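So this first bit is one chain, no partners, the form predicted on its own, shown in structure tokens.
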Amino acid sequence: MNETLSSLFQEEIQVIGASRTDAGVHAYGNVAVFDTTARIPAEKIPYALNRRLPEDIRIQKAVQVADDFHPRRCESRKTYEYRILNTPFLIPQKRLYAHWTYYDLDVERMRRAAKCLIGEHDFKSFCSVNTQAESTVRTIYELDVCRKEDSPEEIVIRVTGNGFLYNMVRIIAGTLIEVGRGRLEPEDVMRMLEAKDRRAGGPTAPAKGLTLVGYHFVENEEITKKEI
């Protein structure tokens, strides 16, 4: 993106993204900010930029923001979904956007475990050891697990929080899958939180099942990415 923007504006551009997702993770929308001396009206930028981007990336909107706006230093809420394809055999058309597992998963057990994670906690056990975060305390506002009514072979883990640590949602998903398989008890999740040790947490689920579906800036509705 930096290279494409620099080519468009004929000056060096450095983008600051609101969310730094792992390779292989999807997004229905993200938010990024950059500085430029160009005088192109903000609303015209998507038209110029989309012609230069690969077809799997599209800019939907551009607006001018305050000079001191930083997408990772203001109050916001992110919503992610982790999709699990729970079938005896892989469905090829869904292989790129869901994690396939043929083990029978108990959604009610997964939902009970998920409730333990709601609220403000130290999520050190659910964070990659390579994190550079100054604090591992985060708040989860909502976390639910359900089977899609129109596609019951798909299980969706949906989580909304004020921020997520490196690999946090994927570790939560991997842990809930282990609960669903019966390899962990729902109550084990609370003990994982209390341990504050990555070795106590569950496995990291594959990246391809994860999608950023919503981004809400509490004090700036104009650039909020509505949830899908």
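These figures come from a predicted structure and were not determined experimentally. Sequential numbering from 1, following the sequence displayed. In this text, rigid core is short for the largest set of C-alphas that superpose within 1.5 Å between two forms.
Unshown form predicted together with a further copy of the same chain; subsequent notes refer to it.
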### Task
Assess the spot marked by Arg73, Glu187 and Gly201: is a further copy of the same chain within 4.5 Å of a heavy atom from every one of these residues in the predicted bound form?
no
### Summary
Within 4.5 Å of a further copy of the same chain in the predicted bound form by heavy atoms, the stretch out of 160 to 168, 30 to 38, 178 to 186, 43 to 51 is 43 to 51
### Query
Can Cys146 be called a contact residue for a further copy of the same chain in the predicted bound form at 4.5 Å between heavy atoms?
no
### Message
Residue-level question: is Glu134 within 4.5 Å of a further copy of the same chain in the predicted bound form, judged on heavy atoms?
### Response
no
### Task
Would you check, heavy atoms only and a 4.5 Å threshold, whether Gln64 touches a further copy of the same chain in the predicted bound form?
no
### Task
Flag Arg95 as yes or no: does it have a non-hydrogen atom within 4.5 angstroms of any non-hydrogen atom of a further copy of the same chain in the predicted bound form?
yes
### Contacts with a further copy of the same chain in the predicted bound form, stretch 147 to 168 (heavy atom within 4.5 Å)
Asp150
### Task
Using a superposition on the rigid core, decide whether the Cα position of Ala200 changes by 2 angstroms or more between this form and the one not shown.
no
### Message
On a rigid core superposition, would Ala62 pass a 2 Å threshold for CA movement between this form and the one not shown?
### Response
yes
